[in-house]
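In the form predicted alone, a lone chain appears below as structure tokens.
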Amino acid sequence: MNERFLILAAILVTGTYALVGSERAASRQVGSNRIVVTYWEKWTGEEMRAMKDVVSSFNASQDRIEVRYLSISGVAEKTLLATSGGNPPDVAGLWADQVVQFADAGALEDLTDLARAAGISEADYIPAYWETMNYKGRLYALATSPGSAAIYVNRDLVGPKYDTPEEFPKTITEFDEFVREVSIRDRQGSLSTVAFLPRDGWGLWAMPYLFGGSFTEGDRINVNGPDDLRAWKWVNSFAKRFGTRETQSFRSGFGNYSSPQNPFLSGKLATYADGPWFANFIRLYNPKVNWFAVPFPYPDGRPDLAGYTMLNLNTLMIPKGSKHKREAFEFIRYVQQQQIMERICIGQYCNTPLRKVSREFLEKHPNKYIALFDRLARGERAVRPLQMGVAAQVGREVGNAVDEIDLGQKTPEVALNDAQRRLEELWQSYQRQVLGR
């Protein structure tokens, strides 16, 4: 295991080790002869209840293993720290974009052989989700609930010209015209309703993919290519259209993401990019919103770029040094069954990561547009999380560059070139210190 990397993780979570230790000790208090598998997960609320229901059904399905679910804040950092101390949980619920970082650190058990013996293979999963669970030809995670992104539309705010999926804009030019027509200023000239803001909702980081670009070319970072430049100039066009100060003032009135003050739920934004679970927030916080969902628009003259979506994926991993690796995998295998997976995904308002999907799942799912999210996830334009150990830093550097562009501090070309130089240096350092290249 790479000690320098784990030391860095320990610095990031200074002060949490005592808490991790106490959580671990509490989870090992066994009241039966069963083997206890400790399962650390990030979820609370309804998401936690959906998974705890599955944990209970697994425990009732056999009499050898008892899975203990613990909701852990900062689960990724705490799992990495506990693993470096030789006392990890048996199962950790982490995000798929952490597979590379954890695998590079030597912090994960390789699941390839266990999955093969259990009959689990690439043929079972939607391709892009399967790819995010694999790294350098080895399998390090298996799926729970996934997501794909689309645009939610408030029918009552967009007017009759745009109030059906069929009539909603398909191209970027049509979408820009929609933004111009639907956005409203009050008598004082302040923004009161805006059609769309690319900084709000789920999706800003992946904008280059919308225009056919990406953040990498093979093993090389590339954040300043021509498609990246087009993407960020389009994002910047919203700051120019509405005014940077006016936009900042407008956005300052937005509430928390999962609250009635969310800008889409409170009627400040007419459209909002998010995953299938956002339908649950509508149900919880403003069920009166009359909404539908559509794919993102595509660049003019490029119908080959239609169907773009960004993906995420929750996964189950076995940290290196798990005391009960085989029992932990038995639970993970249970979760991969179609009936069980669909139960989780319905409970969490998600699409499924599996190739096979039941008609009942699509017809009874509480998100009425789940078939759209499912279709987008299966498409060729589905963008999976960046598989690179410095993915988080790429997001931060590009985000800083976009801030500099919107604030007028740098031209798009200069801001992206500066980010490119910093990221190249960071990537070279990571390769030397972590990968030993």
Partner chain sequence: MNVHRNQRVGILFALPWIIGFLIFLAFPLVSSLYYSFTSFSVLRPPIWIGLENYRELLTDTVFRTSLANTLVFTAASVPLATTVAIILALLLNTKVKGMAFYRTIFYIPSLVPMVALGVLWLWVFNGQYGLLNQGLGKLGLPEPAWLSDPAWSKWTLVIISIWGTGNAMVIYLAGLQDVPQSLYEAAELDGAKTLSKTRHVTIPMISPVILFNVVMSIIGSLQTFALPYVMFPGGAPARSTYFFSMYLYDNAFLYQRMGYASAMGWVMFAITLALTMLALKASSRHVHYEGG
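Computed from a predicted model, the values in this text were never measured in an experiment. Numbering follows the first chain given and starts at 1.
Form predicted in complex with its partner chain: not shown, discussed below.
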{"property": "Contact label in the predicted complex: Q393 to its partner chain, heavy atom within 4.5 Å", "result": "yes"}
{"property": "Its partner chain contact in the predicted complex: N400, any heavy atom under 4.5 Å", "result": "yes"}
{"property": "Touches its partner chain in the predicted complex: L426 (any heavy atom, 4.5 Å)", "result": "yes"}
{"property": "Exercise: F254 in contact with its partner chain in the predicted complex, heavy atom 4.5 Å", "result": "yes"}
{"property": "Candidate from T216, N236, Q261, Q338 lying within 4.5 Å of its partner chain in the predicted complex - any heavy atom", "result": "Q261"}
{"property": "In the predicted complex, the one of W291, F178, W130, F102 near its partner chain [non-hydrogen atom within 4.5 angstroms]", "result": "F102"}
{"property": "Interface segment, criterion being heavy atoms within 4.5 Å of its partner chain in the predicted complex, picked from 78 to 86, 330 to 338, 111 to 119, 156 to 164", "result": "78 to 86"}
{"property": "Any residue of 405 to 427 that, in the predicted complex, places a heavy atom within 4.5 Å of its partner chain", "result": "L407, Q409, R422, L426"}
